[in-house]
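You are given structure tokens for the same protein chain in two forms, set apart as structure 1 and structure 2.
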Structure 1
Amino acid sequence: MALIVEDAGFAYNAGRGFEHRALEGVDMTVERGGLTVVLGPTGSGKSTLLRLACGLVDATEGRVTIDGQEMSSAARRRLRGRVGMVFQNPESQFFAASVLEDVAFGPVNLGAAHPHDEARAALTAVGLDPDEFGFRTPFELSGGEARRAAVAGVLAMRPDYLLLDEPTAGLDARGRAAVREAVAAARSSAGVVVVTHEASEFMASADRVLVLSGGSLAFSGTPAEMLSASASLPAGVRLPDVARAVLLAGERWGANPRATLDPREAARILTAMAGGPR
């Protein structure tokens, strides 16, 4: 059971004189409970991939399937609610008078028997006490609280797959930590895809990493495999700081260390290199 994007391509304004190809031959498989991180420079097709995966646009080539059912215009209504997406700056999309009403909006529209119970459970899952936050206006939440409320609004619809576009952009350290906790909570019931410029936020807990460049896959593999292939990654893809520190130190001291995402292991490697011949 998985969300599968298979050999997919997409062109904006397809068939017109100003056609722009945003994706070409992209594959992605997301299993429930898994976390896939999508990296790439600006304009590489990351957000377009999410829109394709959730059915906002149809693939120009290839196909998208959800647990074996092909995503198409005809099937979109039947598959409604199976894939949830949190857009960039989701707090700008709040509209209800209270956090609870905003989070309950999706379940209400899907015909849930007890939408406010679903909303309360989703708020609890992302670490927002519904008794404390439920009756507050969403427009007075902090950045991290707002992102978590936005994730709760999608989780309340009980999607099988959750897609997030730059969920930590513009947040302080506390807000980023809150969003990471919300993503961890989401994985208990859904497969998760995170598009981000900040590999350090999610890569350590990811099952798979995709790197896009110019609309095509430049890399697809595990985080460990990506670290091993770091020299061949496209410009604009920045490794997590822990891994970069090890690799830069290796260059400085003429060593060839194995990059790692574990701070303790990195400290041991750096200590060993610093104590060796220079």
Structure 2
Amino acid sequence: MALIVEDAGFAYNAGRGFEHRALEGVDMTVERGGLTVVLGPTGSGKSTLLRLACGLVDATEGRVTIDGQEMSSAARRRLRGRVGMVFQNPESQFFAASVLEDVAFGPVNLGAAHPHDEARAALTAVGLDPDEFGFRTPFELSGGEARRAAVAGVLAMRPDYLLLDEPTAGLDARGRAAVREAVAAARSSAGVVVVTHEASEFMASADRVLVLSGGSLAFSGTPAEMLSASASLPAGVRLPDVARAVLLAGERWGANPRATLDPREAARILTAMAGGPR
């Protein structure tokens, strides 16, 4: 049971004068319950990959399958419904008079028997109490609340796979923590893909990291594997600061430490290298 992107390529304006190749030979496998983080500089193809994965555009080469069924097949309408997509700044898409109505919109249109129950469950899953927030207007929510309500609107359609494009951009610390919790909650029923500039935000809990550069995969592996492949990362992609500090100290002291995301482990490594406090 997985969303699989196989050797996929995509060109905007394919075959025309302004053809622009955005993706080439990209593979991605997202298991239910898994979390894949996609990193890469701006313009590297991250958002295009999400568009392919949710069936908004068809791959010009390769294919996308959802639990074994091809996205470009006759089943695409049904398959699309199983992949939820949260775009950048999703709160700009609110339109209903109350948060509950906005979140219920998806289930209502899918013909759910109890759309408001679905909406309440989704709001609870993202940490918004439906009794407190359900009847407020979505336009007066704080940034973090609004982003979570937008995620709830997608979760209410019970997707098997959830794709999020830069979900923490522009949010303060509290909002970012709330989105991380919402992603963790979504994993109980769905496979999640997060596109982000902030490697540190989701890397510790991811089981897979992809790095895109110029439309191709520059890296694909586990977070631990990425930490030991730092030399091969493209410009514009950085390891989280704690890992970079350990590696930088290694260069200074001529040592070869194993990079880590954990500040405590990093403190032990640095203390040993610096020869204890002076």
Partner chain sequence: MAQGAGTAVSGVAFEDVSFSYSAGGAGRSALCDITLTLSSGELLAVVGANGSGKSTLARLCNGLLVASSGVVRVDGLDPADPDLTWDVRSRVAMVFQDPDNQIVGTVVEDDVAFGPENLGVPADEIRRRVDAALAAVGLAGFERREPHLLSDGQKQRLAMASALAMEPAYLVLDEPCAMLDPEGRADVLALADALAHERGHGVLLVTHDIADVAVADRVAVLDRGVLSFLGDPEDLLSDDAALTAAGLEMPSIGVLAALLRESGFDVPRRALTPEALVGALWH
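Numbers given to residues start at 1 and step along the sequence of structure 1. Superpose the two forms; the largest set of C-alphas matching within 1.5 Å is the rigid core. All values reported here derive from a predicted model rather than from experimental measurement.
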Legend entry - Either 1 or 2, the form predicted alone: 1
Legend entry - Post core alignment: residue 63 C-alpha displaced by 2 Å or more between structure 1 and structure 2: no
Inset, instruction - Would you tell me if residue 32 moves between structure 1 and structure 2 by 2 Å or more at its C-alpha, with the rigid core held superposed? - result: no
Inset, instruction - After aligning on the rigid core, report the distance the C-alpha of residue 252 travels between structure 1 and structure 2, in angstrom. - result: 2.8
